[in-house]
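Provided below as structure tokens are two forms of one protein chain, presented individually as structure 1 and structure 2.
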Structure 1
């Protein structure tokens, strides 16, 4: 009986503002390099408090669409109007990422990280990675599980890859990975010993500066997770 009711659309005021600004840009009234009208004018025009406008602008700035300079104004510096059309609407719901995509992408980034780390690692990186691995072992012995330490080891590999963007992207998806893991209990504890071995192998290849070996070891390490994610379907 309740089926006759459809979910009401509760579009937040902030999203409304973003949508309106997007419209202004797509219609050509605002183009890259232009200064955005002052916040007061916008709030007046939109019939909403200045705070909400500020919020929307902050969100746009977060994604690099606009840049606001204190006591000066807000300028559009992101994509041109064409790309913006479909972009922001997607950016608004960037969080609804499915688990399969997450794992698939993570594997892609991880393998690349391992390969590049093997090519570019410094002596200092080796020490850092060894410490990270040891921290993981200790935590496992103490508490039996160590999701954060596990991820931390992987992040350190990304760091050793000397690719700042790669590392940034890893950082971005890491929270989602942790969330999925703890929610789905992917890591069953009895495989902890095996994971440590795999980590050690990856590290060995990185130390030996063997990119292909590191990539294969990482691929093997993440294979189980990939299998698991496919079964989730």
Structure 2
């Protein structure tokens, strides 16, 4: 008898804000170029803390729906309504049990982006990647956890691949991977040193412009998380 019922999913405040902004855009009340009110005023209007508003805006930025400009605030980007509707709907449907799918998608993207980065990286890319790796190391030393810094390093590899589609796809799935990593406690302090070494190996192959070496190093780096995701199916 229980099989005919479905679990009730309660939306988080962040998802409710995203849904409301989506509705305002699809109805035309918010248009490309419109400026959102400041975080303080939005938090008062929504009845939530400013950190909740900030998280929602950050997620919308990942998807290219809004853009925050220094000194100017947050503005609506010119994304097609059909694409927007489908994108946000898919984002809000991603649940905990889709973690394995996210990981599988990430691995496919990451292996190829590492190979392309090794082929196409510039000297500037090397500096950016070195800085991203150092940021990860510093955060580990200070706080013992650096999930966002870890994924930022991977996003910078995608940027170095010079493939805008790869980069965009990584940006789409990244927020939900961060959320799942944190909730499921995938990473732990004991693995930090090993991850740093693996990142360095990937970077070394990118610097040496060794595509196959970079792909293999990335595959090796992600094998543990792949095994973890398989256990969750």
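Positions refer to the first chain, counted from 1. In this text the structure is predicted, and so the values were computed from the model without any measurement. Rigid core: the largest C-alpha set superposing within 1.5 Å between the two forms.
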(request) Structure 1 or 2, which would you say is the form predicted together with the DNA? (result) 1
(message) Once the core is aligned, does residue 18 move its Cα by at least 2 Å between the two structures?
(response) yes
(request) Determine, in Å, the CA shift of residue 39 between the two structures after the rigid core is used for superposition. (result) 30.0
